[in-house]
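Only one chain is included here, represented as structure tokens and corresponding to the form predicted alone.
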Amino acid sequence: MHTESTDPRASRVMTLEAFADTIIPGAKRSPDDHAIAGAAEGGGAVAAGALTLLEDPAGGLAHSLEGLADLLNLHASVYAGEQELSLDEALPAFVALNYDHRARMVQRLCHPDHPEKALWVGLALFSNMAFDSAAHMSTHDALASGHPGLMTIGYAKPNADGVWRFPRYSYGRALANLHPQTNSTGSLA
């Protein structure tokens, strides 16, 4: 039988980070980093703040994270048995899987026919949101800190005054006329 780390908080954190890293992989933080598989260069969902976003009560998942981590590790133990894999007993089961097995497991859990699909797709969406939009922090702060997701997608930095203005229309033309009461900041007067 697979046993997990004796520290439930550490086990939960590692498991959730491993899940987020499976959704958007990144580089290991250190050689002994077990949660991050190291399947990609640069910062992935974990470096982008996936755990911070997941733990934010406003997102609605914070109270479920311990149960989700436990359930994910249960699924990983079953998966490891099916695949005849030997897991490191000192790690949570999902964390003990290599990246390819983690990815296969997440595909299985997110499959349209899986009865728990909504849980796992929700967890995956939060991992994506942390990377794609830095939803857990202000855009100014994210850009100032070099947020890996916003840097990867080439998010434009604001002008020196902190306001975003674009000299050309992104579609090559104006999509609508400005309201006659629009002031110089783009707001209605």
Partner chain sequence: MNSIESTDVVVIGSGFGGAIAAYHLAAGGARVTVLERGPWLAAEEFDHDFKLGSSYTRIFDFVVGDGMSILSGNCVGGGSVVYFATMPRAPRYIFERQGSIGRRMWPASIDRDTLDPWYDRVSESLPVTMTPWETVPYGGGIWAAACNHAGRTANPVPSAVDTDQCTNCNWMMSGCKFDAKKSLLLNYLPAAMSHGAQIRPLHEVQHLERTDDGGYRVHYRIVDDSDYRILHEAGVIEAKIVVVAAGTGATPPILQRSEKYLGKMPHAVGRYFSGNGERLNTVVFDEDRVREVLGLDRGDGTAYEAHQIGRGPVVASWDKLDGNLPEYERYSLEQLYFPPGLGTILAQVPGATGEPGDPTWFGPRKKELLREWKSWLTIFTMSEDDNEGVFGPPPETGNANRFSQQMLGHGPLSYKPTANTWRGWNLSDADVKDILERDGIAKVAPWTNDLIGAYTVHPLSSCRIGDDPETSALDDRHELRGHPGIFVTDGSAVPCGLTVNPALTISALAERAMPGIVKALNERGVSCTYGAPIPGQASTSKVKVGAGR
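Note that the structure is predicted; figures quoted are calculated from it, not measured. Numbering follows the first chain given and starts at 1.
One more form of this protein should be noted, the form predicted in complex with its partner chain, which is absent from this view; the next part is about it.
- Ser145 falls outside the set of residues with a heavy atom inside 4.5 Å of its partner chain in the predicted complex.
- In the predicted complex, Asp88 stays away from its partner chain, with no heavy atom inside 4.5 Å.
- With a 4.5 Å cutoff on heavy atoms, Gly49 does not count as touching its partner chain in the predicted complex; it lies far away.
- When its partner chain is considered in the predicted complex, Ala135 lines it closely, a heavy atom lying within 4.5 Å.
- Contacts with its partner chain in the predicted complex, taken as any heavy atom within 4.5 Å, map within 73-109 to Tyr99, Asp100, Ala103, Arg104, Val106, Gln107.
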